[in-house]
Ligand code: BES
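The form predicted alone is given below as one chain in structure tokens.
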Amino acid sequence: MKFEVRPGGVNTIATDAVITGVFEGDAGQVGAVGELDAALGGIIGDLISSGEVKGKLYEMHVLHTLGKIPSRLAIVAGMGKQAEWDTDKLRGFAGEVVRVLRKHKAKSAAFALRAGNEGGPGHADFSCAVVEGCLLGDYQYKRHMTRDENGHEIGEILLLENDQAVLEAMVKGLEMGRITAGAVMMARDMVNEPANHMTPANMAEIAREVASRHHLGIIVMDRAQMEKEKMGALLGVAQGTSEPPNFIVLDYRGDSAKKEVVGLVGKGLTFDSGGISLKSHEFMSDMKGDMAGGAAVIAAMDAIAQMKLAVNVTALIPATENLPGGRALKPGDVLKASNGKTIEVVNTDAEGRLILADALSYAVKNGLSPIVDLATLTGACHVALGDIYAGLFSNDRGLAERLIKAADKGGEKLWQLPMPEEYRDLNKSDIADIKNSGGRYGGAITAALFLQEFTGETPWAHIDIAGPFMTDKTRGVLVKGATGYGVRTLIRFISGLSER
């Protein structure tokens, strides 16, 4: 799908479809809507007057133009309440529109939306959101299908803009949208991939491809190297599987004048059965996506390198499976993490925090700061916040605020949860320094407090993406399956650091 900003109007541009939008309560007589209405003989105004076109968000009306304008179709799409219109709604709007285009076999289309809406997105944000929305809304995962259910492709999307003064900003936004959406789709592909095709070795190979493409530094530690690093927690989880674990280190250096290096850590559990503490069979197939944090981090590094952001970043992805083999970790076992802390394993299904313990310890040892980790860590966070919001935990207020701002700008939902000192006692062990589960209540909090034991005084944030990493419905930019959650937040976060 190609994108271009081009001068022109809805009545003169020749594409398969032109798209314009109406807010709730619009009379439909101004801007592109008014021009289109006049060319089509007033039909849009009649539909608005009759109440058939209400302007509700994502409401779609497809009109056949019957040769009255060069485009075959005119799509009048609802934009919701004007006071609530923002970049994220525009992104979702574009995602809904592109599926209508596919349904009507349009190979080209032009967006003609009113510019200068009160409270609406800026010019670069506008074009970026349209590109992200179109690409993510059109996303399909059919890698393992032998039949082609829908071979139709949308070749070209135009954004109509006659003001030469804003064209440069809009073109810049197109590139930002293309890179960001590409990274999100990379993460979606990795998470949607079956576990027999997305092993720790496969994750490492994708990281190597990213490194090769952008000349990044890369280290992939095998079991022997992890033993030298004394990563006993990660290796303990890996005991039960025949798939060799990997510890992936990706280095991007965008500012040689700075010594500071940001750390991004992503959980890479390529399949999580729960180990000896076996999960219920009901949702176990979704556990191929327990590496969604690692996928988001690798994909974000791909985008950061393409954007050539002026910041230094190291990504760490501990990758393994968690299976109940004959050598598997047992409830009651004690492990030693690479920072020397001992961990009583009371639940082998609380394995994500174990592999992150060694990754966070490695980040601290190597001076990375701040550190942000992404993980499908707890069902408790999913229960607390549902499918849309991820949970944020941090020991640094400024870092938390920057991440929330980045999530808002990227169109992802992030909610900060507390880390009360009183809950730390729930992680106390009678036979080791700490145990790996604080019990049922406050489970997302006690998991975050566990991770904090391995970050020291370094500014750190943990994002629990157990809720939004998958979706069971298609709406806006989301398509049923993996969402690629976290990629847009990380890109905006690192971009913000680059601009400081």
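Residues carry their position along the shown sequence, with the first being 1. Everything numeric in this text was worked out from a predicted model, so none of it was measured.
We do not show the form predicted together with this ligand, though everything after this point is about it.
Student: At 4.5 Å between heavy atoms, only one of the stretches 266 to 274, 84 to 92, 199 to 207, 324 to 332 reaches this ligand in the predicted bound form; which one is it?
Tutor: Single hit among the candidates: 266 to 274.
Student: What is the one choice in 212, 366, 416, 347 with a heavy atom within 4.5 Å of this ligand in the predicted bound form?
Tutor: None of the other options qualify; the answer is 347.
Student: Of 358, 302, 290, 161, which residue is found within 4.5 angstroms of this ligand in the predicted bound form when only non-hydrogen atoms are counted?
Tutor: When this ligand is considered in the predicted bound form, the option within 4.5 Å is 290.
Student: Using 4.5 Å between non-hydrogen atoms, is residue 314 touching this ligand in the predicted bound form?
Tutor: No.
Student: Using the partner position in the predicted bound form, report whether residue 376 sits within 4.5 Å of this ligand, counting heavy atoms only.
Tutor: Yes, residue 376 is a contact residue.
Student: So, in the predicted bound form, is residue 351 in contact with this ligand at a 4.5 angstroms heavy atom limit?
Tutor: Heavy-atom contact with this ligand at 4.5 Å: present for residue 351.
Student: Whether residue 455 contacts this ligand in the predicted bound form should be assessed with a 4.5 Å heavy atom distance threshold; does it?
Tutor: Contact check for residue 455: no, nothing within 4.5 Å of this ligand in the predicted bound form.
Student: Check, residue by residue, if 17, 65 and 112 all come within 4.5 Å of this ligand in the predicted bound form, counting heavy atoms only.
Tutor: Not a single listed residue reaches this ligand in the predicted bound form, so no.
Student: Could you list the residues in 434 to 473 that come within 4.5 Å of this ligand in the predicted bound form, counting only heavy atoms and keeping sequence order?
Tutor: Stretch hits, in order: 437, 466, 469.
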